[in-house]
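Here you get one chain, nothing else, as structure tokens; it is the form predicted alone.
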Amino acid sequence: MAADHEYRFSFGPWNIGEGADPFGPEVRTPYTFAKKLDWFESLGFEGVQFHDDDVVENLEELSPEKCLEKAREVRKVLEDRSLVAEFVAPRLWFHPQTVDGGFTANSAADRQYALDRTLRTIDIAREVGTKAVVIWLAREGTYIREAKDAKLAYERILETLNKMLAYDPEISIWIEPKPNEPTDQAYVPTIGHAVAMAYQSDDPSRVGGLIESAHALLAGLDPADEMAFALAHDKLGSVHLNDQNGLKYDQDKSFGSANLRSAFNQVRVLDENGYGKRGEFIGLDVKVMRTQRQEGSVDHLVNSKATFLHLVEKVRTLDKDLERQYIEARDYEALDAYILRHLMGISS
């Protein structure tokens, strides 16, 4: 099996959850933030993914100075555990002023709230020790298209990106695309849209993307191809590996759970194109099954990491000469069968 040290792994505190869904109760007892952090090192994870209010609880009630003080305290807690913050993202989808979107809201006051909170997130990110800020455009969309001017909405998103870049000349912005949920139709639904926005920004070198497997699948796209596109443009800041059973709600299944071959191809495109060599994380955004008992609260993280490493081994032991022969002979049936046998561990 491939050595752990060749890749760095991360997940977010929300990935150790209580199992509640929109129609049901919690099924597991919540763990404290400190307890969750204790698991990172023991499970072999170095990076912590954060929302702004994961770092600073109740930040809306605190002064900017107090927020920064709290962020510094969290950084010290991370350092004491040999952990680092991978990124911080503004949580812009629960506040009443973001019901109609933040950056694309029809209300100027609501747009200003979203910008102010995003700039505060940048300050929090710097204090907690990361220059990466993730933008998940959760409510930047519509339930009916007539509700917003789409061209104007894209212009407003771009304006926000440029204000972020101007606010701190050292940050990087990673746009995390998703085609729907919670809105019916979202703006910037794919990595192609995100990369286009990056090139249009005032500093394209500091704007890239974060690709989540399930989000690509919800758009009807191949996550490996989405990753390849971002890599071809040197715009893949990070990944959220997970899985998805069809075009449903965002399921965040364990990596490889629904489609092992798709997972193999995601690992392959990352491993063969040098992803991680500059310190990029293999991020997981997976949720334990809703009805899992308390004692299995982190099994999905352990299993997803193990699946990734096992697939790295499968990628690196693939017979490339044989693969090339099949391709040159245009014998794709043989190639298909070989890949399946390789994944199943069948030697002939």
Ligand code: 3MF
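Predicted, not measured: the structure shown is a model, and the values here were computed from it. Position 1 is the first residue in the sequence shown; the rest follow in order.
Absent from the display: the form predicted in complex with this ligand. The rest refers to it.
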{"item": "Listed residue that, although this ligand is not shown, lies within 4.5 Å of it in the predicted bound form (heavy atoms), from 154, 229, 275, 136", "value": "136"}
{"item": "71, 89, 224, 165 - the one with a heavy atom within 4.5 Å of this ligand in the predicted bound form", "value": "89"}
{"item": "Segment that reaches this ligand in the predicted bound form - one of 258 to 266, 102 to 110, 194 to 202, 212 to 220, heavy atoms within 4.5 Å", "value": "212 to 220"}
{"item": "Contact test in the predicted bound form: residue 271 vs this ligand, heavy atoms, 4.5 Å", "value": "no"}
{"item": "4.5 Å heavy atom contact, residue 127 to this ligand in the predicted bound form", "value": "no"}
{"item": "Distance check, residue 243 to this ligand in the predicted bound form, heavy atom within 4.5 Å", "value": "no"}
{"item": "Non-hydrogen atom contact residue 338 with this ligand in the predicted bound form at 4.5 angstroms", "value": "no"}
{"item": "This ligand in the predicted bound form - contacting residues of 157 to 185, heavy atom within 4.5 Å", "value": "176, 178"}
